[in-house]
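Just the one chain here, laid out as structure tokens, in the form predicted alone.
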Amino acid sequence: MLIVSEETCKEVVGRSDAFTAVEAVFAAMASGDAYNFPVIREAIGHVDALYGFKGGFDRAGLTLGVKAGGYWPGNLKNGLINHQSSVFLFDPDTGQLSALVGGNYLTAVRTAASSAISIAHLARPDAKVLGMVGAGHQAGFQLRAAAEQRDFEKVVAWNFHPDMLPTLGKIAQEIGLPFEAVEREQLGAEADVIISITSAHEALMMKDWVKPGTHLACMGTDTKGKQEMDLELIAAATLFTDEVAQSTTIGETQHAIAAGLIDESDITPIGAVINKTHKGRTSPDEITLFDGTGVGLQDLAVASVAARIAEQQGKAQVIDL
């Protein structure tokens, strides 16, 4: 069995690796070659933590496994990131445990890859202003990955806690983009692409604030009760997601579904666009929205890449069970 540490994952898996792996698994899901298992995600009744499991099987990539972990909101004061997870990979031919892979960095990089894929396939080619709603740990990963998909000229950002925005501004500076902290109304008026990555339980962006032709990547809603977007905005947009079943139950569309504003049939898997069985954006004025709920197969895909490269480079620890 291989053990691949967090530090090794950072060394061997880059944004391009994650993009390629996640795009391939989205395509496999849409073609029926891969499927996710039901998600377990529970409040454990201790330190306000959420804990759960995400797993699946990719027949095309022969990847089988599960990610265990969750969200510990008090971790920052202890010098740890709030999201904590580990990935377990199994040999699909024998059921033997083949690798234990650190999941914290990989969760961030695969989540960023997911929104970047949506931008690559759905955002207008002439998009110039990137809007960031949220400035936590994952926001920097989102910003770096998104900036590689279009020739952005500016970043505008908002966060619940404004004192966190300068950290995001430094990342924008590093990649050569002007950065401005703004209110949400201005962000919606300026941005051609908006990424939301928060833990909100209420609408942060309203329909009237978002201009025609905007692409939204909603990456924060992954639990029942969470919400980032106004229901009218959801109803007005052309909707895409990683997995429809998760989108309607724990994702950004859950509230609009419950209110009867949209149907499950209104939501298209992003893999269908990747596979060219769905045309994606149809006009420059269309508002497109990607609901990135985060599926287990994403984690397995990037963990498999990490294990393979780490083994090739002699950076994985090998143990006998």
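Only a predicted model underlies this, so the values are computations on that prediction, with no experimental measurement involved. Numbering starts at 1 and runs along the sequence shown.
There is another form of this protein, the form predicted together with nicotinamide-adenine-dinucleotide (NAD), and it is not shown here; the text below is about that form.
Out of the listed residues Leu239, Ala172, Ala135, Ile194, Ala135 is the one that sits within 4.5 Å of nicotinamide-adenine-dinucleotide (NAD) in the predicted bound form by at least one heavy atom.
The contact with nicotinamide-adenine-dinucleotide (NAD) in the predicted bound form, taken as any heavy atom within 4.5 Å, belongs to Met164 out of Ala120, Ala147, Met164, Leu231. By the criterion of a heavy atom within 4.5 Å, Val101 is excluded from the residues contacting nicotinamide-adenine-dinucleotide (NAD) in the predicted bound form. Mapping the unseen interface onto this chain, Ala245 falls outside it, with no heavy atom inside 4.5 Å of nicotinamide-adenine-dinucleotide (NAD) in the predicted bound form. Proximity of Arg110 to nicotinamide-adenine-dinucleotide (NAD) in the predicted bound form: non-hydrogen atoms within 4.5 Å are present. Using a 4.5 angstroms threshold between heavy atoms, Pro269 stays clear of nicotinamide-adenine-dinucleotide (NAD) in the predicted bound form. Contact with nicotinamide-adenine-dinucleotide (NAD) in the predicted bound form holds for none of Tyr35, Gly70 and Leu297, as no heavy atom of theirs lies within 4.5 Å. The chain is drawn here without nicotinamide-adenine-dinucleotide (NAD); in the predicted bound form, the stretch among 92-100, 175-183, 209-217, 194-202 whose residues come within 4.5 Å of it by any heavy atom is 194-202. With contact defined as any non-hydrogen atom lying within 4.5 angstroms of nicotinamide-adenine-dinucleotide (NAD) in the predicted bound form, the stretch 1-37 contains no contacting residue.
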